[in-house]
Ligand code: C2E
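Consider the single chain below, provided in structure tokens and representing the form predicted alone.
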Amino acid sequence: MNRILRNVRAKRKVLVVEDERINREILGNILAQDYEVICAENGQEAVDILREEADSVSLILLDLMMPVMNGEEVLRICREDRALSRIPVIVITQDEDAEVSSIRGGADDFIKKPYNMPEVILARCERIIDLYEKKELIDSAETDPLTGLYTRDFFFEYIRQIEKYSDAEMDAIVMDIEHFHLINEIHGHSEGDQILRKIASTITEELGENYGIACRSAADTFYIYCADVSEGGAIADRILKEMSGVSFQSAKIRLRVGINKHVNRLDPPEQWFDHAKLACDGLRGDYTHQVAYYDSAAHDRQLYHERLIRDMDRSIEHKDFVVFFQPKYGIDGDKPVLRSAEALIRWKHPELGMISPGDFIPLFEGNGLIQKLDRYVWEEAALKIAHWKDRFGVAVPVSVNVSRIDIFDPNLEDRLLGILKKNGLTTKDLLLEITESAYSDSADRLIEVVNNLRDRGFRIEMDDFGSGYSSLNMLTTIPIDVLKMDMKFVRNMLKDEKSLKLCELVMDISRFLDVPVVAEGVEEQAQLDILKSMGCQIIQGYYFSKPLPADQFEELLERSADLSAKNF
């Protein structure tokens, strides 16, 4: 491999530093076939040549005993100069006792005069140059040329090596510069490079002699692996403090820091920093905090939510979502009478088991997927209503949720009417619940949609009435058919005077609007009695029944003594 490379590129340059002319000529003749040889007669001349041609010199053959400047002084200068220290040195001398001191002084090999073994000299030159060229290749893979920190690949390999011998508690730290691309675009790459070098030097200084290493992982991202959580946080704080006092030409920088405390060694090193970066990325746009700690519970929650989002379509297709029905009873007569039901969704996941609606409903509301789920519920509820109508001769009205996302569907009315037509139902059979919070979003659109739905014959229920402040104002512009009292008022009415008064207020509003009230969350006889005394007509809650799967709700219908159209 090396011979092939030598054949396709210029000869390597060797500097011979020898004060005796005959020795210079001998060495020149030995080396000339394989190398380009340049000569210096003393140490000072050698240093002058090296200052000019350091980048092109591959090897120095150095005599020790010379006038003006001796070889030991040349070794010292080479060792202390970063540019010159990369050039290997072979000492040539008659003094056998000088070998140890030369090696200690920085020499890489030792050749004894006289030069009566040319093949040995060539072999040693080739070996030393080979070793240094390979070292340069390794060094270039180890370090980032701009900052001098480790490269990402070497950083993680280094961690894997030191992990074989250490069980100390360690922290993974990720530092990122907010909007670094804008700094490059506005102030130029030279300013950006200056910032990166300053951050790198600050990291290096702060690590100091501590047990830790660092790398530049990406353009503006730095990784630090250091011992102990308190030390990790302290290092991050010191770097932030140091950088806050640094001023550049025009650019203002803001560092974000994510810390993964006490890394879990059961995970691969790359994952330690993925977790720290999650914490770091969570600070984007947050100008009140610069440091965030990775929370494994929050991360697990995020992964869980991602799993639910990924599995939603499949679960709809396989009907893993199951519609339950909670009965609503009229209490305005002598005895409670079944009047209708509310459709409630449950998720029987094939692997995760029953998933609480509190886990997936807010998630799907936040990302817009609730629209798919709502349509699924509408279809399933209509099928059951049609089935019960065929079996019992009456249609049991069922309330279904219409989310704020559905309101913006231009085909909402036609979609709902299509479901009813397909199942032989009317608009009296499917009641539409709109949560109060939706009334604060795009009021004009909501008013238009509600009016259109009511014109088509649908009955509109305002769900969770009283949970917000917007509904009182909206009631003056949006016609509704039913108020559903927020269940928190009902649950607290026996122990909280304020909640009791709010229940009375909702009843007063319903009388003013001349619409019935559905009280949710009724669990006790005392609650039922108070609500009935207030004039509440319809009750829903565990006092009568928990939400039931379709087959159990059907059994309830079958047991109902007075199941007739007049009830509904």
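All of these numbers come straight from a predicted model, not from anything done at the bench. From 1 onward, residues are counted along the sequence shown.
One more form of this protein exists, namely the form predicted together with this ligand; it is left out here, but the text below deals with it.
* Contact at Asp463, Val522 and Tyr542 by this ligand in the predicted complex, all three, heavy atom at most 4.5 Å -> So, yes: the whole triplet contacts this ligand.
* Asked: Looking at 109 to 117, 340 to 348, 306 to 314, 143 to 151, which one sits within 4.5 Å of this ligand in the predicted complex if you count heavy atoms only?
  -> It is the stretch 340 to 348.
* Asked: Do Ile370 and this ligand come within 4.5 Å of each other in the predicted complex, heavy atoms counted?
  -> Taking the distances in the predicted complex, the answer for Ile370 is yes, it comes within 4.5 Å of this ligand.
* To do: With heavy atoms only and a cut-off of 4.5 Å, decide whether Val291 touches this ligand in the predicted complex.
  => Although this ligand is absent here, Val291 would stay clear of it in the predicted complex, with no heavy atoms inside 4.5 Å.
* Looking at the partner-bound form in the predicted complex, is Gln326 within 4.5 Å of this ligand by any heavy atom? -> Within the cut-off, so yes.
* Indicate whether this ligand has at least one heavy atom within 4.5 Å of a heavy atom of Ser403 in the predicted complex. => Within the cut-off, so yes.
* Would you kindly say which of Gly424, Pro268, Pro357, Gly418 lies with a heavy atom within 4.5 Å of this ligand in the predicted complex? => When this ligand is considered in the predicted complex, the option within 4.5 Å is Pro357.
* Which residue among Glu178, Glu126, Asp429, Glu433 has a heavy atom within 4.5 angstroms of this ligand in the predicted complex? -> Filtering the options by heavy-atom distance leaves Glu433.
* **Residues of stretch 373 to 392 in contact with this ligand in the predicted complex (4.5 Å, non-hydrogen atom)** => Going through 373 to 392 in order - heavy atoms within 4.5 Å of this ligand in the predicted complex - the hits are Asp374, Val377.
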